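Have a look below at one chain only, the form predicted alone, in structure tokens format.
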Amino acid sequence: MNQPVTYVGLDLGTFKTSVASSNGKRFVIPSVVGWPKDRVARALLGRDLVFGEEALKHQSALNVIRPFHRGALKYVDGADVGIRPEDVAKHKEAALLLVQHVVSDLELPAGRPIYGIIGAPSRATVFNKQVIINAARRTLDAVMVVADPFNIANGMNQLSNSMVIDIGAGTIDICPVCGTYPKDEDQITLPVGGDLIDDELHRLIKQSEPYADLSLNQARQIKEKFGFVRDDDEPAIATLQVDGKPTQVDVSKQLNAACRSIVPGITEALLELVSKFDRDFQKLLFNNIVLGGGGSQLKGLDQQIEQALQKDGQAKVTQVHDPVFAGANGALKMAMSMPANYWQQIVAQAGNKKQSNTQRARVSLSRAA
């Protein structure tokens, strides 16, 4: 008798990874893997591998890797984001370990096949997709890579006449969804995102407050707490160390400017994509723009994009109701709706030489214990 299948949807984000399973469990963790720097750190932490929030908490004692930093492995070449060629293998290992970790944390039934769909940037290359598949094959019995915007559209039942914008930390993906799976040439991936906002905010605050002690991580936290692009928002007051003293600083102007920095690229890419369709269909797409991803949580971003598109006609932008899990939920929904024989073909193509999922989970957990 065939074992019942467990399905998972994975959104391997540049900064956070979200996962949803057909057993009803779902969670999100930072996309971070850490190795103790020495024996003292190993004794302190009590394990050889540390993931997510715990890795961020103890990063001073760890060699920390964000495997998908600024879109690395998923979209851009590692060298483009400062990853040395000799470090690429370590990033690939971190990606594999991260997938193993999140799947093992789902506490899936022993011996049951696991089929999963993983989101990727719209214009990810064949090489990038293969890297993602290789990272998952030791944990999943069958895996497919699907464009992130399509997963979001699927999860929201927006598979007809919609334009999806997925704003992640490393990339912004823009994709028209018109009832079929989109072609590569019909999608755009911009190699910018939340990381760019963090960089710009850090630069602007340091420019206006040169004596402030501000890390890039602190800039990100300010963005996540106050981030906005509208003109009438409440002041963003951050507590910074200035000349060694805690000081309240109004960073509203810097924050607004940094958050707005992604809007021109988004609107230009939208206009480029929509221009490929006939005039009547353009109106349909302009009136059904879906904004997803972590960056969609910037207050007023939907209205700002609408305003930027007004000169080209009426536009309607809707934010997803669950930006953290929209991609994972859509991937899970697609995985569960695919015919069983399709999954069986993928299993056959991958071969049957891998360890069982139970063995792989035990290996992963023993290395982290």
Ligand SMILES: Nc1ncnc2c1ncn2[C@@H]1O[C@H](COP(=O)(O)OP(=O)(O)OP(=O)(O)O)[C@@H](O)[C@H]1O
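Worth saying up front: this structure is predicted, and the values here are computed from it rather than measured. Start at 1 with the first residue shown and count on from there.
The form predicted together with this ligand is left out here; the points below concern that form.
No residue in the set G34, P67 and E93 has a non-hydrogen atom no more than 4.5 Å from this ligand in the model of the complex. Using a 4.5 Å cutoff between non-hydrogen atoms, Q297 counts as a contact of this ligand in the model of the complex.
Heavy atoms of A169 reach within 4.5 Å of this ligand in the model of the complex, making it an interface residue. Within this chain, E224 lines the site of this ligand in the model of the complex, having a heavy atom no more than 4.5 Å away. Under a 4.5 angstroms non-hydrogen atom cutoff, this ligand in the model of the complex has G13 among its neighbouring residues. Remark: of stretches 101 to 109, 289 to 297, 207 to 215, 247 to 255, the one touching this ligand in the model of the complex is 289 to 297 (heavy atom within 4.5 Å).
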